[in-house]
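Just the one chain here, laid out as structure tokens, in the form predicted alone.
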Amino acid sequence: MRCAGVRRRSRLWTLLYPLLCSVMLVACGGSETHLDDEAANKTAFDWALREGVPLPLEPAANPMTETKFQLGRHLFYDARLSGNGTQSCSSCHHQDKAFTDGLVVSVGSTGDSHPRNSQTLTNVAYNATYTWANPALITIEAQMHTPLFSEQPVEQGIDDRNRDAVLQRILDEPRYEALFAEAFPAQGSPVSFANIIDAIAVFVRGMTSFNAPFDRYQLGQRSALSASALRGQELFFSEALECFHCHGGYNFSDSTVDRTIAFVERPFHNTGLYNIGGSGDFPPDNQGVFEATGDPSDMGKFRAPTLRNIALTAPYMHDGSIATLEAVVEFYAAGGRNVASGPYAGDGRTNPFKDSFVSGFAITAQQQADLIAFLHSLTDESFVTSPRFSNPWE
């Protein structure tokens, strides 16, 4: 049984949070505060944030610089950075798709299929955790070891047999000599995997996206949202649909951290996508936080990704098993998914570990269209067309 009082406070906080952040920044004279590490406050980096959005955290061990950003941009788009020289980070993260790949699940450099759908890199600087369901990965730098060096499944496919050859490819590219020297000026031989990881982390951390019609409306441009999108916004933030509980705040995700947050929460949710055999199980290799903790109550729990640029990132869910936004709305309206037959048969609507906010709702065709219009208003066209994030090798 849910407490209505807690829900009302949660909604009020969700709606007021961007305004409160803005007030706090103004009250502090616009200072870039970090509650734990004063050294990480200082940055000369242009985050390109709109008013009301707080600064992301910045690791003291890997401060943001423009020279690292530009080096990371080159490395992100470079297929040399894979075991067989065929795949870059951008192979699974296309700019025009808000840095997803449009596939049900991603495919690695050797043809291995990943069990999960490629996540957007939109505003990853604000993620409280990384990957779909690993509570231990709380920095981009730590997460990057997975795509670069993982063996099951193979992604970039770098291992002990080819590490030196991969680095040699980077050394052999003339453009990198100046880029590495500028990014890491205090080092005599800066071409290393540690610096490669730091540079790419700076690049993707700098991928901020706050110029959607929704943002322009928030800044006072009342014509930025259509009448349909405005109705959809009301639905999105309503207690009837409860979307905002997991996808609230300025980044439309409850798994969010920034410099104004003193107590970081790292929530994960079971949405009732599966309930194999009625036991609560999810498919092998896609069992969520349970894979890390072994706690049965964590079965099927995944991080709620940002909804920014969501219209560009189909297919949806952690395994890419829902093709369209319309189908996603229908899934949540039903309170989960009933898989009628096959190896994954079971009624997700009755999954014993399902989040209580996924309880289903009634929605008309017009309301569904309005809700989807609002979700489209979160698309930042400047983000997916900006030369700043584009392939520098073209």
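Just so you know, these numbers come straight off a predicted model, no measurement behind them. Residue positions are given as counts along the sequence shown, with the first one as 1.
Separately, the form predicted together with a small molecule exists; it is not shown, and the next lines address it.
> Which pick from Tyr130, Phe290, Phe184, Tyr176 sits with a heavy atom within 4.5 Å of the small molecule in the predicted complex?
Replying inline: By the 4.5 Å criterion, the partner-contacting residue is Tyr130.
> the small molecule isn't shown here, but in the predicted complex which of Ala229, Ala212, Met144, Ile170 has a heavy atom within 4.5 Å of it?
Replying inline: Spelling it out, the residue with a heavy atom inside the cut-off is Met144.
> Taking heavy atoms only, is Arg303 within 4.5 angstroms of the small molecule in the predicted complex?
Replying inline: Although the small molecule is absent here, Arg303 would touch it in the predicted complex, with heavy atoms inside 4.5 Å.
>> Against the small molecule in the predicted complex, would Leu55 count as a contact residue? Criterion: heavy atoms within 4.5 Å.
In response: Answer no; every heavy atom of Leu55 is more than 4.5 Å from the small molecule in the predicted complex.
> Could you tell me if Met299 has a non-hydrogen atom within 4.5 Å of the small molecule in the predicted complex?
Replying inline: Outside the cut-off, so no.
>> Quick check on Ser253: any heavy atom within 4.5 Å of the small molecule in the predicted complex?
In response: Result no; Ser253 lies far from the small molecule in the predicted complex.
>> Just to confirm the contact call: exactly one of 215-223, 186-194, 80-88, 256-264 touches the small molecule in the predicted complex at a 4.5 Å heavy atom cutoff, so which is it?
In response: Careful reading of the contacts points to 80-88.
> For this chain shown on its own, do Val107, Leu121 and Asp355 all sit within 4.5 Å of the small molecule in the predicted complex, going by heavy atoms?
Replying inline: Checked in the predicted complex: all three residues contact the small molecule.
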